[in-house]
Ligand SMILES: Nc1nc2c(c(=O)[nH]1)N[C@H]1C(S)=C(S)[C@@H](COP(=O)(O)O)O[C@H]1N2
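Single chain ahead, by itself, as structure tokens, in the form predicted on its own.
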Amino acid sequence: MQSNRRVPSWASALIGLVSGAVAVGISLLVAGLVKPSAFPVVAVGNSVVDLTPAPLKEWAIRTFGESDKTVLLAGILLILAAIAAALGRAAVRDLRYGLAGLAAFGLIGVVAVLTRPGSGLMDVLPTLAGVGAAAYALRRLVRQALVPVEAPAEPYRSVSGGADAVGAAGAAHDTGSALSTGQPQEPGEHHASSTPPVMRAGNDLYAFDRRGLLTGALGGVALAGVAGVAGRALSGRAEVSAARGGITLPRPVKPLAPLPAGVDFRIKGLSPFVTPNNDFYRVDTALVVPQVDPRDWTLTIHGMVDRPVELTFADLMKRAVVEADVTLCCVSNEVGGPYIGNARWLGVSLAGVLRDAGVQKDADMLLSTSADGWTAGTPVDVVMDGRDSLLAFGMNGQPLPVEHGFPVRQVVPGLYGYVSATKWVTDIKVTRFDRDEAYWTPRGWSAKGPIKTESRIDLPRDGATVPAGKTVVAGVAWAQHKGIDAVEVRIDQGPWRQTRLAKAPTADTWRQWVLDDWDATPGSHTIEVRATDATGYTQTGDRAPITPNGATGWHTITVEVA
């Protein structure tokens, strides 16, 4: 019987997957030595984020929430795995095809890395090292999977008389793991199941060596794992975590009084007045959280200023420290959405630092830049109008969590985060809106983003089934730097009913509300909520999407009463 078998499909896929794993592990290791953001997988992912149309980004946030970055990275790795498996199959047929494929993907990685903000030629080293290591692994695994065998004295025959030749060759190399440089073409004929298939490449014969391949694959996996672990360690996570743990927060010049009684109704299921750090929402473009050591951190303030300023973390801690209760909200928050939270922040006055620099009168924008290159454009007049705009390094009595911007982030009451709340901030350019653009502006979002007056129903949950009788309806409302004066609830298109408001220590935080006398009757009911701020404005019921400057509309839920 004539055979057409080559290396089994699982084996060629394994060769590609292990080579790909080596590329990822080695590139992560070198990125840890050079710059964590130069890791090509992250660079490609960030490029994907930058190039993704705004509607698709909105869909990802709605669908996956704060896991959108994990899903994106997982998707990229799955695609890479599929491509790596295909390259393994190509390399088994002809090693040159596999190496050419690796070179192509190396080029994509180099382009992605070099197009990131603040990149340099050294940043391509992780990509080049990863591709080089993968090429070596690919070549070695192919050689270990295909071992040369001695041709029999009788000339090789592909159809008749081939069984003796195959049997003799296979017996000579049944357990071998020698390296091979050949490029397998059509296999020879074989009849004995106890011998490996023999393949011809040119005038050479090769046998598939399962043991040799598995031995090489285990070595490759071990190398990839060790390199990956070392790369993560070198990326600074351990050092930054230790540095954060060693920080003792200074006392504010004027400590805030403890929160007054009555700011939190303490109703189960109602958002607490203070959002715990672990529960605080996170929406940003960082696929991998920047690891910034406070000992190396500096903040540069330049541009349209009289005296450029550069501050170290130690300099910042020596300034007058301010404490403020401020609610932050993401512009991606849909009506009734979860991307909002309230915390007690500790830091220094951003306005005070700007006054030291001497902001020139024609400047109207602060272009702040994160350690990973992301930018936000903040109106100068908002920061300088007396509100508690901070360079914050503390959150709810703890040093700022790494995922929320450690060592320093901006906090500006009354503005959506995309124009104000820069995490891991390292640079502030004082400029003008007609001269510079921040990250989201050319992607279809408004240059300025004041937070809109909104409200949300937390209890009961949308779609819930509740017992008949007295039922609590409760939630939160916000109008940062204006304050909430009233919240009304309407059931089944009936009259608007005033709710009871919790206390609010400042106009810069959200406010709890509750309606605790609804006598729920059996059936399906629709509940709506609206808020009125301290300026007298009542939020509109007109629905608008989050683009370009935040969603509007009344949060509406439906419940079943049994």
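Note that this is a predicted model, so its numbers are computed, not measured. All residue numbers are counted from 1 along the displayed sequence.
Note that the form predicted in complex with the named molecule isn't included here; everything after this is about it.
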{"query": "Of 105, 297, 424, 208, the one that lies within 4.5 Å of the named molecule in the model of the complex (heavy atoms)", "finding": "424"}
{"query": "The single option of 88, 130, 407, 417 touching the named molecule in the model of the complex, heavy atom within 4.5 Å", "finding": "417"}
{"query": "Heavy atom of residue 283 within 4.5 Å of the named molecule in the model of the complex", "finding": "yes"}
{"query": "4.5 angstroms heavy atom contact with the named molecule in the model of the complex for residue 390", "finding": "no"}
{"query": "Any non-hydrogen atom of residue 366 within 4.5 angstroms of the named molecule in the model of the complex", "finding": "no"}
{"query": "is_contact(residue 330, the named molecule) in the model of the complex, heavy atom dist at most 4.5 Å", "finding": "yes"}
{"query": "Stretch in contact, per heavy atom within 4.5 angstroms of the named molecule in the model of the complex, of 218-226, 353-361, 429-437, 409-417", "finding": "409-417"}
{"query": "Partner contacts in the model of the complex for 365-388 (non-hydrogen atom within 4.5 angstroms of the named molecule)", "finding": "370, 372, 374"}
